[in-house]
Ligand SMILES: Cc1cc2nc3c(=O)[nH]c(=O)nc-3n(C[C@H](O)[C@H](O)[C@H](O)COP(=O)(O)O)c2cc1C
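In structure tokens, the next block holds one chain alone, the form predicted alone.
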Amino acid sequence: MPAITIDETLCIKDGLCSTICPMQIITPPKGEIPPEPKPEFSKWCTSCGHCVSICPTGALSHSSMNPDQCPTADYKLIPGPDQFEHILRLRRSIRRFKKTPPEKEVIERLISMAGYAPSGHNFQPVRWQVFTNRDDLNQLVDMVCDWMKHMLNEMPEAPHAPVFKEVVKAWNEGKDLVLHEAPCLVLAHSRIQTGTEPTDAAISLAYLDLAALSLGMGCCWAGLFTMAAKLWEPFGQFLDLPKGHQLHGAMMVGYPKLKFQRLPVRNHPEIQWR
């Protein structure tokens, strides 16, 4: 049950916790110590941590976290706009990986970094599944190709048919165009409760994609795999997701075999000002 406690010896009565609370359920006027939370606090508090993060003296603790667990913000570590734009432009979809899979500890840190992505009502619903065994990864590609063969039989004239034919042909010839022989595949899944979970997962995967660069790794969204895994029944048993969970997306992850030397251009954004 969410709750806050105040160290009255540290509280400077600045009212910042009340000002920053997204749900407006911390209610002290400026100049007073926050009172015992009202009953609705437990109902509406999202445990976002804003109140703990904003307090300059560390006087406020939340039942989900205390100031000692929250490192001090260092704004000097924020890259400038030129540096940050460089990071965004340097991020590439990697499809040529070194065979050695990333160490378990590195993948755990990567997923932990992705966990800082925002989510609806701070529910943090995304759960993860990681494949690094080569036999399992090859079996996943096999299953995707089986689905593609089924789709080609059912809808041979569909727009996606030419792509599916090439992917299946390549796999039969020993070339993987589904996962590109990535040494690691990371899946994001969750239970559907509020309807924001697919978006929450997409944001988390985008965070993971960007964070990989800082760890010397590269990623690529596994779109063909995700499409097949959502539609082809055999995947259900093989993935064995928790009951009630749905797959939202997947990312190939590994150490890039090659380094890009230029930052390609993108279309100029179309903006409607109102």
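Given the structure is predicted, the values throughout are model-derived calculations rather than measurements. Residue numbers here begin at 1 and follow the sequence given.
Another form, the form predicted in complex with the named molecule, is not on view; read the next lines as being about it.
- Taking the partner from the other structure, the named molecule in the model of the complex has a heavy atom within 4.5 Å of a heavy atom of Arg266.
- Within this chain, Cys220 lines the site of the named molecule in the model of the complex, having a heavy atom no more than 4.5 Å away.
- At least one heavy atom of Leu224 is located within 4.5 Å of the named molecule in the model of the complex.
- Interface membership of Arg92, defined by any non-hydrogen atom within 4.5 Å of the named molecule in the model of the complex, is confirmed.
- Only one of Arg127, His121, Arg109, His180 comes within 4.5 Å of the named molecule in the model of the complex through a heavy atom, and that residue is His180.
- The stretch among 149-157, 166-174, 129-137, 93-101 whose residues place heavy atoms within 4.5 Å of the named molecule in the model of the complex is 93-101.
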